Structures are given as C-alpha cells and as structure tokens.
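Take a look at this single chain, the form predicted on its own, given in structure tokens.
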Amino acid sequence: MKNPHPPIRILTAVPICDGHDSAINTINLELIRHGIEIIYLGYHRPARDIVRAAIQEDVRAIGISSYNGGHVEFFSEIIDLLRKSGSGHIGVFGGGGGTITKADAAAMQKGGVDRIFFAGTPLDLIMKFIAEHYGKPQKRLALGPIRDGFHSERQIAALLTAAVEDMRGRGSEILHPSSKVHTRTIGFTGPGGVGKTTLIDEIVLRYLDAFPKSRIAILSHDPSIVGRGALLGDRASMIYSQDNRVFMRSLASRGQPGGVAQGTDRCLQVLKHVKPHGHSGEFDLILVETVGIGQEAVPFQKEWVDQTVMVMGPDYGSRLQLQKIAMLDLADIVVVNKSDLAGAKTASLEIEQRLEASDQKPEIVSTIAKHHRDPGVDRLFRFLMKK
C-alpha cells in the first residue's frame, strides 16, 4: 500500500578542496534523529558529483558544509547544474562557520540557495527549516509505462521512488512491465565492516575498463535507526562508481529484516527494464549490496540475482560460529576480504573446511579490496565474468 508520509531524503556533502567534516557529521546525526534519511557523499566532492548523486537519489534537497572559501561560486555552480539538468526542484541549503559572510549569504540566496546557516545557529532552528521547506508533499514527475523509450537519470530515479513509496498508486504498468529482459544481477552480502562497498567499487572499476560501452546500476542498502532516519553512507567511500556510466541508488531498510528493503524486489524490476539515455538498451550489470547481516539472514530471493557473493572478514570468531552462517551454504562465491590481517590464512582454511560438506561448493577468494589493483580482486572479477 501507498506510504502517505515517506521520510525526507537529503543529500549532504563537503565541497572539493575542503576536508572539514566535523560540522556536517553533527548535522547528519541531528537530521537522522529527526527521522530524515541522509545520503552522505563525503568530502572533497566536486559540484558535478554532488548534483548527479542528488538526481539519482531523488532527494528533496542538498545540504553543503563549506569551510574553505569559494562558496559563492561553488553554490552557484550547484544551482546552475541542477537547473540545466531539469532538476531545479531540488532545494539547496548550507552553512560555513565564519567563512560565509552575511553579504555572501544574501548574494547566494538571491541566486537560488534556500538558506545559509551561520555558526551558532541552534540545531532545532535548522531542523524546523528543513521540515517546513522540504517536508511538504512534492509534485511527482509524470511517468509513462516503463517499456516506452529511453530514460533520463531523473526518470529512473522517479521510477525507483515510485517502486519504494507508491506501490499501487502510480499504475501497475510502470512497475510491472510486460516485456521480458534479463540483466545480469550480482548480490553482495556479509557482516557489517568487512569491506563490501570497497569491494564493489573495485569490481566496478574492472567492469568499466573491460567493457568500455557498458552501463552499471548499483542498489545499495543501509540500516535505519529504529524509529528514526538513516545514514546512507556507501557513496562516501565510492571512487570509481562516480563514473557517468554508473547509476547508484541508496535504500534504507526502514525496519525490514534480512539485509534489504521492503521495495528491493520492485526496484530491481525497474532497474532490469529501464533503458538509460545514451545506451543501446537496458543496464548491462546490476550490483546489489545488502545491509550488514547476521548468521541467520538470507537476503536474496532466488529470482532476484544470478550470483551471490558472501563477503567475510578473518575475525568471525570460532569454527563453531561458521557452522551457524546460513549464507555460506547458498553463496556462489565466498570472499575473505582484509586478508592482510592476522588470522586471514587460518580463516580461509576454516571456511574451506566448513564448505566441504556443502552442496553449493562455492569458490573461495582472498582479497584486500583497499589495495588498488589487488590480485585477489582480479581473481574474483574473473570468476564473476566467467559465470
């Protein structure tokens, strides 16, 4: 059924050449406490990356923390890029401690910025402004059947929002296309903190290099805080996935157990059927990353993905703990990431012994995803492409 009051989604970021993130982290936490879903892009981000991410994530506004000067020009570039892309409906607000003067703020607001907050502004005042300006119902982008023609990033983003928020209210033809296509889909799952996001980013790099005309979609999940919002922070650690041939969408679990969101299956149907502008057809590859999961979670239904990659670290505990991890019996590939850490070789041996009795007989690969051009990730990529 339709959700009448979906959470406000806001993208926050710090501009290029600015590494001050303490202020934006404080604001992020307060926004989450007020039930807002934050897509955090991180710092040192150019205007192009910020605007593109905001469009793909279908956010209500962009919040920018600028402590390094150049704010008048930077905010102006954000506004200009939004308007040129047909996304002038996305609001822009920000702040910058003592670096943004009142005269600067007046000029920026005249140019289209909704509000500039100065040092010492009470957090409650900021939260009130955001609720009043970005919490009202938004006019939705008109969408026809998903099978008709090619789709801009804004249209794809709107279709994904419809899939999550408005399951029946926008026409069954949008979310249940009649055409049958098969876009290769790979699911990545595993406990939190084992490096799934970094590993996916490295796979994206290799895929883009190997297939220069390809287009990739990423569906990423992060947990919601009970009764509050969510910090969707996977983009902050992505480098290669900022490429123009990659479309990424972040989803909050919103209380859904098992590592995915309630609308994940519908979002996958959208991504498997849309045709991005500038491409010959549908996306060539879809990568799905789950929330960090526990022992019992089996996040992917059989029809959702073609392959499942279980990512683990060397610190899972004892051999007894391995016996309890259900995904080890279902994964196509098991990755032991962070294999430079102590105990990694022992972990690989214990996992191999654990899987000897499994019917699935997955490949086991050791990787160090944080190392650029890691041979283990190269091996994983070859396995994925071979299948």
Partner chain sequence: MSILADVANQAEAHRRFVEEQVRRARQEPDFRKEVQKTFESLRTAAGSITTPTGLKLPRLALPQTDDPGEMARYLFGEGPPGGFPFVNAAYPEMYLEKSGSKHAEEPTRLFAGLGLAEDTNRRFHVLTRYQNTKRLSTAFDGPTLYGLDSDAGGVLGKIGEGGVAIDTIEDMERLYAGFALDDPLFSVSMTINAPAPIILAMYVAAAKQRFGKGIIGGLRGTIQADILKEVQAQNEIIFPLEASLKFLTDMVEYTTRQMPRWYPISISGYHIAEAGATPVQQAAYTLSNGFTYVELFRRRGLDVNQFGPRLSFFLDCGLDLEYLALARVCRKLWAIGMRDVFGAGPRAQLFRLHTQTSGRSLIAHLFKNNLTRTSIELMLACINATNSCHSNSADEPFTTPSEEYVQLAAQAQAILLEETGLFRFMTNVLSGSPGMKIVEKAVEEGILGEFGQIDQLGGVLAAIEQRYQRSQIQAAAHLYEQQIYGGVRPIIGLNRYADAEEKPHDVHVVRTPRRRKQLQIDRLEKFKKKNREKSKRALDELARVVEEGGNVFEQLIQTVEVCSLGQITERLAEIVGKYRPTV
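Residue numbers count along the first chain shown, from 1. What you see is a predicted model; the values in this text were computed from it and never measured.
Another form, the form predicted in complex with its partner chain, is not on view; read the next lines as being about it.
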By the heavy atom within 4.5 Å rule, which residue out of Q262, S76, T99, Q109 makes contact with its partner chain in the model of the complex?
T99
Go through S220, T185, T198, T161 and name the one with a heavy atom inside 4.5 Å of its partner chain in the model of the complex.
T198
Within 4.5 Å of its partner chain in the model of the complex by heavy atoms, the stretch out of 278-286, 264-272, 199-207, 299-307 is 199-207
So, R354 and its partner chain: in the model of the complex, are they within 4.5 Å at any heavy atom pair?
no
Verify the contact flag for D374: yes if a non-hydrogen atom of it lies within 4.5 Å of a non-hydrogen atom of its partner chain in the model of the complex, no if not.
no
Do I156 and its partner chain come within 4.5 Å of each other in the model of the complex, heavy atoms counted?
no
Taking 4.5 angstroms as the cut-off for heavy atoms, does N68 touch its partner chain in the model of the complex?
yes
With its partner chain taken in the model of the complex, which residues across 109-132 come within 4.5 angstroms through any non-hydrogen atom?
G120, T121, P122, L123
